[in-house]
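A lone chain, given as C-alpha cells: the form predicted alone.
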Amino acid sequence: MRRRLGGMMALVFAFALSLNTVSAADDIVIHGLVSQGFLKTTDNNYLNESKDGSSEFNEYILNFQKNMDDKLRVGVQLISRDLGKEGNNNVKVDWGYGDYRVNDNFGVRLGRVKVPFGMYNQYRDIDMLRTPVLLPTSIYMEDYRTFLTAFNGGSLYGSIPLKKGSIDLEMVVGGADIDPDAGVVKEVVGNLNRKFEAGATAKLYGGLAANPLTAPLVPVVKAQGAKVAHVGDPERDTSSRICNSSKIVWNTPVEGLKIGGTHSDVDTQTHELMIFQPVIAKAPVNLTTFMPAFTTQVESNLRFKVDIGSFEYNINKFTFAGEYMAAHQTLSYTFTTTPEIASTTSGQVSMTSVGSYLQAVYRHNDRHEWALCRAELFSDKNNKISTESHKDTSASFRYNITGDWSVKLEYHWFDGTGQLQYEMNPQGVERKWNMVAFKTSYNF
C-alpha cells in the first residue's frame, strides 16, 4: 500500500509539472517538494526504527495558489509524509484557506490555517529555507507536529510600521486536527495504560490475598508473573476544543535582526476503549489467560500552553538564531472499569518543560552551507538532572546541486532520553547515543 501511494503521488507531481505553463496562463501557481531521507542511530530508536537504519523519512508536497482579485487569494497544500509510524504516506490537506487582504497592513484568513509556533513552524515544510535536516529538536519536536501544523478555523494578521522598524502580528483560532495513531498520542495513552495495569495488578493480588480460598495461590501466581495487561488493539478517537496561537515579531531598525514571541494554547481529548485481562507470563511474548477479560474506558485530556521567545540575526554570510520555550502541560485522565478489578480512577498530572537552542549557519556560497546547533530540553524544569532531559549537539552540511535540488548530511550527539518513546524502545534506552541523518529534496 505504501509503494502504491508513493507511486500515485509521483504521478500527481508529474501531472502538475506538465501543467506548469498552462497553469501560469490561468494565474494558478503550482509548487511542490519531493524529499527522501535516511536516519541511523546508535542504541535507541528515534522517530522511526532508526537503530537498524531507516528510509521511512520522506515528504511529497503539492500546493496550488490563485489570486482571485487584488485582495483575495486562495490556496491549498496536499502532503504525503512518512516518518516511522507517522503519516504512512497517507495524503492529507496540510493547509488550505482563503486570504483576504483588507489593506496593506491587515488581512484575514479562513480555512485550515498554519499555526505560528516559534519562529519557523509555519515554514517547516519548505525545506529549501533551512540548512539542517531537522529543525532544532528542543522546540520543533517531530512527534508533536500533528498538533501544531494548522488549525481548522481562521486568523487575523497585520503589520504595523514604526519609526524604528515594524511589528508583525498574527492570531489563529480553531480546532487541531489530531491523528489518533500519532506517536505522541500513543505514548501519552500508553503511559496511562501502563499505570493502570500496575494498579490493577496490585488490586488483583490484594483481592486474591483477602479471600481465604485464593490466598494460598498468591505466591504461586506471583512467581509465574501474573499481571493485568491489555489485549488486542484499542479503539481510539481524538478531538480538540477551541485552540489558539498568536505571534508578535519586531523587525528592528538593526538590519537583519528580528525579535519575536509566540503563545499557543492547545486543548486535546482522547477516548480509548481497552480490553484488559489477568494473564500469566510464561515466556517473554506468550501470555496465558487465567481470568475473564474486562473492558475499560479511558478518557484523557492533554492541554499544553507554550510560550516561545525568539531572535534571528542575518549578517553577511551568517545567520544566528535562538529560542527559549516554556511549555505548561496538564494531563487529566479517568479510567472506568469493573469494580472487581479496579474502580473508576481519576487523576491529574501537571508539569512545566523548558527548552532552548542556539544555532549558527554559514553560507559559504550558493552551493555550500554549514550549521552548528546546541539544543536542550528538560521535561521537568524542576528536575534538570533527570534522565528525562534531552541535550542535542548537531552539525549540518548542505550542498545545492542546483537552485532547486539539495542534499544534506547531519550528525547529532545526544545526551538524555527525554524524547524517546517507550513504544519504540520497550527493551529500555541508553542515555548517550548518536544519529546520522541524510536528506535530499527537490523543489519546483
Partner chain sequence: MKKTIALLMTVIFSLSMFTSLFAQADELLIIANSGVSQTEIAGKDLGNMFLGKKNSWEGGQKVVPVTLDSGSTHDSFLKAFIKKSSSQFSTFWKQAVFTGQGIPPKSVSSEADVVKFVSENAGAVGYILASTPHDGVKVLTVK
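Positions refer to the first chain, counted from 1. Predicted model only: the values in this text are computed from it and were never measured.
Keep in mind the form predicted in complex with the partner chain is missing from the figure; the text below concerns it.
A heavy atom within 4.5 Å of the partner chain in the predicted bound form is found for one listed residue only; from 255, 235, 307, 181, this is 255.
Of the residues 393, 42, 55, 67, just one reaches the partner chain in the predicted bound form with a heavy atom at 4.5 Å or closer; this is 67. The partner is not drawn, yet in the predicted bound form one stretch among 265-273, 223-231, 197-205, 117-125 has residues with heavy atoms inside 4.5 Å of the partner chain: 117-125. Within 4.5 Å of the partner chain in the predicted bound form, a heavy atom is found for all three of 77, 129 and 170. In the predicted bound form, the partner chain lies within 4.5 Å of some heavy atom of residue 31. Contact between residue 61 and the partner chain in the predicted bound form is found at the 4.5 Å heavy atom cutoff. Residue contact with the partner chain in the predicted bound form: residue 109 places a heavy atom within 4.5 Å of it. Although the partner is absent here, residue 97 lies within 4.5 Å of the partner chain in the predicted bound form, judged by heavy atoms. Along 396-433, residues 403, 404 each place a heavy atom within 4.5 Å of the partner chain in the predicted bound form.
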